[in-house]
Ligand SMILES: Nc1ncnc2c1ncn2[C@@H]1O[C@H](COP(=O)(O)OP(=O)(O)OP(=O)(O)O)[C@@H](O)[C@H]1O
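Before any questions on binding or motion, here is one chain by itself as structure tokens, the form predicted on its own.
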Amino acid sequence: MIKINSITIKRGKKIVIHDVSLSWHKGENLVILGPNGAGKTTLALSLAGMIEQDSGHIIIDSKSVSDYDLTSLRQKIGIVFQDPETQFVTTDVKREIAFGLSNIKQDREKIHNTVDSIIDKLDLKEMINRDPSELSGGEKQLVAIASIYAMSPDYIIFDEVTSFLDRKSRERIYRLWDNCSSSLLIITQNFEEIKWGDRVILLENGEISFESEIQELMEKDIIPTQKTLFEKLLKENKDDIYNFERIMEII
């Protein structure tokens, strides 16, 4: 389990995350909704040990995130960014997927077998010798996800990874979410994507303003308020929400 205990994160004098507490259980998928500037990415980076909090604690499986070395931490938790190019370090897809495994000095045969399995699973055979930076947006995201999958972390954060993708590319990523054995944290502004969560959290101005089990919302057949924000999120994604008009009537 990952446990966030009253963390606060500042950038200069501005408080970006304010006294946030949250638990993320192994085997549980979370969805964090919120507008730009809400602090979603800052929270994700702190969970992944990439930035430090000014106060509070983050515990991953009974151990402080600050007590992990980088290698051990990456085997616990991975993160896929909105812009996958920020993650690329090699000039061909196959080496990109193998990079993390090489860094932790896995046996060469094991690396080879793992990479081949990931390539087969994600259907990347046709691009394995290509430069990741020359791929389409959807293909880049798949390669970035593959490099994280290869590490087999217990937890994976997806930070608005579908924002700039067309419907076909999003559907490929959705299929990966359906079949992923890791616990997922999906950060998004797309209301449609809450269906991949067990719990939804609304983050506004660096604070959690709403939290609910997805099943509870389904049973009540309602959309939670903050009404204004949810209306905005729904309207921005209405073409992808099959029952958009009905949901707007409910809220």
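In this text the structure is predicted, and so the values were computed from the model without any measurement. When you see a residue number, it is the position in the sequence shown, counting from 1.
Missing here is the form predicted in complex with this ligand; even so, the following discussion is about that form.
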Would residue 49 count as a contact of this ligand in the predicted complex, using a 4.5 angstroms cut-off between non-hydrogen atoms? no
Residue 82 versus this ligand, in the predicted complex: is there a non-hydrogen atom within 4.5 Å? yes
Could you confirm whether residue 16 comes within 4.5 Å of this ligand in the predicted complex, counting heavy atoms only? yes
Can any non-hydrogen atom of residue 35 be found within 4.5 angstroms of this ligand in the predicted complex? yes
Go through 22-30, 194-202, 57-65, 35-43 and give me the stretch that gets within 4.5 Å of this ligand in the predicted complex, heavy atoms only. 35-43
The listed residue (209, 189, 182, 212) that reaches within 4.5 Å of this ligand in the predicted complex by any heavy atom is 189
